[in-house]
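Starting off, we have a lone chain in the form predicted on its own, written out as structure tokens.
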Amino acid sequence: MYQQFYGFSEDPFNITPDPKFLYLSEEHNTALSMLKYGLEHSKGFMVMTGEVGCGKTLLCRSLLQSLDENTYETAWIYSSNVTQEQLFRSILKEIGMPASKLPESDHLDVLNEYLLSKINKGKEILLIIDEAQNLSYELLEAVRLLSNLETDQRKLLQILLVGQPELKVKLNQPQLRQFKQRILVYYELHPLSPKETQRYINHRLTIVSSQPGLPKITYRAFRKICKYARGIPRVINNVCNKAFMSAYGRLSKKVETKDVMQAIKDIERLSL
């Protein structure tokens, strides 16, 4: 609605995790580097946790975008509410096994053979399981079994679990001590600092703006955004989007505190 008025090429605060908009704070850069390190050195199990909206999915998409598509194949599992057989079947499907050849049983054996065929062709296979905090203990044990798929020299599958802080709590339970011992790369994302929040907003505006420095966000408006969003990128996007709509409603090229207050009011109105 306000894109044309402000001269934006596209929506700067869309909550869709587009790698083009990735702002590499020091922490996000470290997380991305550690994940790349884990992949390059075939570390096997990797885990990344963080609060809702802190940028985990965007980091994963940026990671995939940086990989050589001629070398890496990826299975990205979004649903963690599945059975063991459904999980193995989904992995086979994601890494390219034709639907007509998907087995009805013995999925682990078939997966082992199929992964070996991929490895023999020079492929690296990455499995990403999103919302992993919802995995049952039984399914986590099934995931651990996947780490047993290996040759004498290497793992057949590299696994990245992505989840909310509850995943960290779950992995510290006594019944998962064998699982935890296999995690060789772990990173916990934290919210952006106030300075990083301001840089994050400016970064997204710079990408889409045809007029550098415009529109302006007052210092007090920035402070109000920082205080409300608490460094969570998804919340920052939501507040900024509504604040720009408020400023547009006034036909103003400047986002002020009252626009942020209106944005917060709109957001709170939707809260249950």
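Numbers for residues come from their place in the sequence shown, where the first is 1. Remember, predicted model here, so these are calculated numbers, not experimental data.
The same protein has a further form, the form predicted in complex with a small molecule, not shown here; the description that follows concerns it.
Undergrad: Identify, from the list Leu35, Leu205, Cys226, Leu58, the residue with a heavy atom within 4.5 Å of the small molecule in the model of the complex.
TA: Answer to the contact question: Leu58.
Undergrad: Would you point out which of 239-247, 22-30, 65-73, 218-226 contains residues with a non-hydrogen atom within 4.5 Å of the small molecule in the model of the complex?
TA: Flagged stretch: 22-30.
Undergrad: Would Gly44 show up as a contact with the small molecule in the model of the complex if we use heavy atoms at 4.5 Å?
TA: Gly44: no, not in contact with the small molecule in the model of the complex.
Undergrad: Applying a 4.5 Å heavy atom distance criterion, does Asp18 contact the small molecule in the model of the complex?
TA: Yes.
Undergrad: Would Phe88 count as touching the small molecule in the model of the complex under a 4.5 Å heavy atom rule?
TA: The answer is no: Phe88 has no heavy atom within 4.5 Å of the small molecule.
Undergrad: Is Ser252 close enough to touch the small molecule in the model of the complex, meaning at least one heavy atom pair within 4.5 Å?
TA: The answer is no: Ser252 has no heavy atom within 4.5 Å of the small molecule.
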